[in-house]
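Take a look at this one chain, the form predicted alone, written out in structure tokens.
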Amino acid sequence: MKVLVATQKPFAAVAVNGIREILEAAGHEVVLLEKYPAQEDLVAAVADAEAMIIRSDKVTSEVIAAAPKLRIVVRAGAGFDNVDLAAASARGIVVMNTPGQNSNAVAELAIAMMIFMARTQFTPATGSEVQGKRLGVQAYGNVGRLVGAKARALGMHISALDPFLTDEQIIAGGADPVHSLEELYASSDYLSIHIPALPATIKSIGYDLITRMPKGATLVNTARKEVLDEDGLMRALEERPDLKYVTDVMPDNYAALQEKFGLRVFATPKKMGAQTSEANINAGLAAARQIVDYFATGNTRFQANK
């Protein structure tokens, strides 16, 4: 089978070598498309691909239409909102992600961002400590649980909301369960977001939730920028000069936020959650193994478009 590895932001060389070794050992052909300048390059490259590994690359309906032989797409990472699932499903193409492979990297970043904001972005101004503070985790999956574990080690008190988990599962994961977003936001000095961008979650976090947060609270978003109502965030920060926002998914209105609120807001220049060498390698190798397993046994364990 011909496997296209299409990455505008390429994997590390060691990951590429590992991907190639795994796939070629199973008898598959590997084709690399790295640092391509335009979406049209991806459309052209998929013409004879039977499988594809991507990172944040956009597999649109146009890409899928141009790939008559394509049977599987694996997104090396957790999120898969960059793939048109409906178009893939209509063609019978399996779409998978690689959950858990970059979870630790994202969790470490979330904790680092909390401390960065607590210490006033490492300026000489007097900051605060996170020990003893209350951390709310919105979605207690792979990343959320790791954030909770690391925060507990720092002496924070953890609560979590996850509609897909029972109270017993959340408690077993070391957090106190809460049963509404309103309760979670109102009880959290720090709130770490880990939800996907879906029709039900896009712009779901806005003025009403943010202004429920306690005095001096910080909202941390290492998920997707689309889940924030940016106008609502602006309004909340205007009315509540004690609140802070930090993210690795830069808002469209970031320049205005910075101008108005200075050290109360911070966004990284690009999405940084999975930008570690370890996560890069883990996700790439996992994607290659999943493709091998799919063609060998039909395993669709991590299929996103069931």
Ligand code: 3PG
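Sequential numbering from 1, following the sequence displayed. These numbers were taken from a predicted model, which means no experiment stands behind them.
Only in words, not in the display: the form predicted in complex with ligand 3PG, which the text now covers.
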Query raised in the report: Can any non-hydrogen atom of V220 be found within 4.5 angstroms of ligand 3PG in the model of the complex?
Result: no
Requested in this report: Consider K9 of the chain shown here, and say whether it contacts ligand 3PG in the model of the complex, taking contact as heavy atoms within 4.5 Å.
Outcome: yes
Requested in this report: Answer with yes or no whether L228 is in contact with ligand 3PG in the model of the complex, where contact means some heavy atom within 4.5 Å.
Outcome: no
Query raised in the report: Is there a non-hydrogen atom of S56 within 4.5 angstroms of a non-hydrogen atom of ligand 3PG in the model of the complex?
Result: yes
Report task. Work out which of the listed stretches, 31-39, 267-275, 250-258, 64-72, brings a heavy atom within 4.5 angstroms of ligand 3PG in the model of the complex. Result -> 267-275
Query raised in the report: Which residues within 64-96 place at least one heavy atom within 4.5 Å of ligand 3PG in the model of the complex?
Result: R75, A76, G77, A78, G79
